[in-house]
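Just the one chain here, laid out as structure tokens, in the form predicted on its own.
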Amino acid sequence: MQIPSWPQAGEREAELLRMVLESPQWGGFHPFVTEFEQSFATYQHAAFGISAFNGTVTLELALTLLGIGPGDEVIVPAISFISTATAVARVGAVPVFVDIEEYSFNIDPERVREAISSRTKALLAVHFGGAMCNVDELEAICRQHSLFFIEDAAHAHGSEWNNRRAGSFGIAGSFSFQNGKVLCSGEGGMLVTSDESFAERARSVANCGRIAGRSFYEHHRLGTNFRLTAFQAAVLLAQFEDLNEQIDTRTANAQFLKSELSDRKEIVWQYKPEAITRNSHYLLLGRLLPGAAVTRDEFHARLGIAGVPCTPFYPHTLYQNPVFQEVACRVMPCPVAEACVRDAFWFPHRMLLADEETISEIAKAIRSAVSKQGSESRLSAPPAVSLR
């Protein structure tokens, strides 16, 4: 299988890195940092960007700036990377885990409503795999209950809901530029916001409590140093130039792959409502239906033998991590999340950068992997997909 590796780099990355090396400023005060902050925030339809050395600390920064701490609760999805939940715990608040929708893999608005208590202060929603969650319903819930809406958009660079981009809906959106992301610099992160006061405070806290235009040695807030380096910014500026084309390629290849497998009813791909007008395709997600001829783990093993990169979903929900045996949390019933642990899978975005011939080979390998030799699937018809 001629599947591209990731990350990818070329002469443009080397050129910008040399410019940093030849400059007197390698740290966060290089003009490249400001340039990338402004460019990326604008790209995500936000007014301000505050960069940091990773996307985990940007979540913690957002929660801190909103005054969330001990005694407060923050609603999070049961399925995500660990930082979505530990960011809440690290500011002293309690993560409240709620279930996801059956086939979107995103947080279920109805389950959010059920989880709200007198202590709930915010909703931290994830755009899982790059497909945006139902921001219309979630924003309405937050307005009704006076909650802060924060977007964990680590997967969603360039993703859109009704032509409006991730990170532009809540008080802030947090992005990651970690090694595997569709826009990456090894490590890195950014908060985007259109709230000027929030942006000013975020920039100050992330820069040792300084205030723009004042003395370097004046520290007006209890801050820390979250600054992105010039080396990271240089790589991100170069990678940013290719992002739109790569998203278009992934989108076309995802559509082609699914069309090649449209007769295989064993697989239900991630549900995307019409309101999702663009998807980064950080992950290509699916579930094997009950009654499939093979188990998810058999399916995964067969694809590995064929050379197709595939991950058999997370091994457990967030709240089943050992850390939450020790750290305070509240867990709502999450049957869908627990089912996904058993039957869901994903393909990495690098796979969708392959050429059409390779995508056809991948489709054949998937077709073979879902069928036991000499037997047909025992399925009759897939269940109806919830349109919530």
Ligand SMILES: Cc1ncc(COP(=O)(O)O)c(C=O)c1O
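All values reported here derive from a predicted model rather than from experimental measurement. Throughout, we count residues from 1 along the sequence that is shown.
What comes next is about the form predicted in complex with the named molecule, which does not appear here.
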| property | result |
| --- | --- |
| Contact assignment for the named molecule in the model of the complex, among A234, A154, V98, I150, heavy atom within 4.5 Å | A154 |
| Of F81, W269, F240, F198, the one that lies within 4.5 Å of the named molecule in the model of the complex (heavy atoms) | F81 |
| Location of the named molecule contact in the model of the complex, chosen stretch of 176 to 184, 207 to 215, 296 to 304, 246 to 254 [non-hydrogen atom, 4.5 Å] | 176 to 184 |
| Proximity of I276 to the named molecule in the model of the complex, heavy atoms at 4.5 Å | no |
| Partner proximity in the model of the complex: Q44 to the named molecule, non-hydrogen atom cutoff 4.5 Å | no |
| G28, heavy atom within 4.5 angstroms of the named molecule in the model of the complex | no |
| T64: touches the named molecule in the model of the complex, heavy atom cutoff 4.5 angstroms | no |
| Whether G49, S51 and L228 all lie within 4.5 angstroms of the named molecule in the model of the complex by heavy atom | no |
| The named molecule in the model of the complex - contacting residues of 186 to 204, heavy atom within 4.5 Å | G188 |
